[in-house]
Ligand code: NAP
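The chain below stands alone and is given as structure tokens, in the form predicted on its own.
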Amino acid sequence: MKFHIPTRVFFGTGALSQASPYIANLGIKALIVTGRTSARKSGALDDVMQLLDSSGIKWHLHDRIGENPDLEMVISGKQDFLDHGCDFVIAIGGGSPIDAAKAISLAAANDLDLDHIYDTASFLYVFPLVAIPTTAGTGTEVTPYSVLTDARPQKKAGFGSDLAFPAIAVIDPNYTISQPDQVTLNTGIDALSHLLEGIYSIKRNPLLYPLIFEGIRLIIENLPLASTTPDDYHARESLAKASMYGGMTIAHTSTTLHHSIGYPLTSVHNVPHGLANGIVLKPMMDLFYPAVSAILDRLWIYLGINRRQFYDWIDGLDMKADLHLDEEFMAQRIPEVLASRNMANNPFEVTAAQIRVIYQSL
């Protein structure tokens, strides 16, 4: 058993102020990577610009990262980084800006072109990255992964490298309060998926079980409240903590079929990533339960519920997606799922027929 997280984490109200001396030592000019709106609405962007200005650090804003960032966005960010003489990156937002920023830093440091962004053998250097999440879901602020879309084959896939770990994570739950209710729900379910996959994965690590069990408890007790009462700080803090626990978990265990089966739903049908994970929560647990029943039974004891009650809780979230998965989708996407690297982490070999059954149930 082992545990390794090289990211320096600052958590709670005022986390950015606590991190400021460390950020000031990263470089002389930052590329701030964001989407169009969430960094501004959360207040994080203003706080970061004020901190950099007061520290005498120059910066350039790159606010062109969209949902499900693609490789072209990474190359655009790389060019902006180089053109403006930056030497470190600050990413503000949900998983999309932070994942894109990881790839931008690596692409700039290693002069990667469009065809080599997934080629981890080409990763020799990295520019420091500060990750400031405005959602509580991906946990990417403490993982070595970046999930991107290659628009050419309409494929969503990720890479993992220790170089992709952010140098600093600034997790202030106040920055998540401005998120819409549906985003809060979807991202919370993404964190729940990460925690459960820490149990499903063949790389499961007993050192992580306390984080996994507590993270799941925090989500069950606080996600419905945060989705309907967005300014409840305790609920937001609990979800931010659970998301961080989920990120720490998959940094060691990686993800499984649970994520692989959801990627085509996002890349082809534009189902938000967390929702794609959510609508397969029950089929995934039904599939994997026989292989990990001992651990899940310990989880139910910790939570004081049983599997049926957990399923009732999922049903109460009313997660739905309008899907029409025809034979063409099955023929193209099932082989894609089977070929994904995450499949090596399943607790047993999953067949095409089992994947088809799950897709047909949606």
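The first residue of the shown sequence is 1; numbering continues from there. Here the structure is a predicted model, which is why all the values come from computation and not from measurement.
Only in words, not in the display: the form predicted in complex with the named molecule, which the text now covers.
- Out of the listed residues 135, 201, 260, 238, 135 is the one that sits within 4.5 Å of the named molecule in the predicted bound form by at least one heavy atom.
- Under a 4.5 angstroms non-hydrogen atom cutoff, the named molecule in the predicted bound form has residue 147 among its neighbouring residues.
- Although the partner is absent here, residue 50 sits far enough away that none of its heavy atoms falls within 4.5 Å of the named molecule in the predicted bound form.
- The named molecule is not drawn, but in the predicted bound form it has no heavy atom within 4.5 Å of residue 210.
- Contact between residue 27 and the named molecule in the predicted bound form is not found at the 4.5 Å heavy atom cutoff.
- Residue heavy atoms within 4.5 Å of the named molecule in the predicted bound form occur in exactly one stretch of 108-116, 180-188, 223-231, 78-86, and that stretch is 180-188.
- Counting a residue when any of its non-hydrogen atoms is within 4.5 Å of the named molecule in the predicted bound form, the hits in 83-97 run 94, 95, 96, 97.
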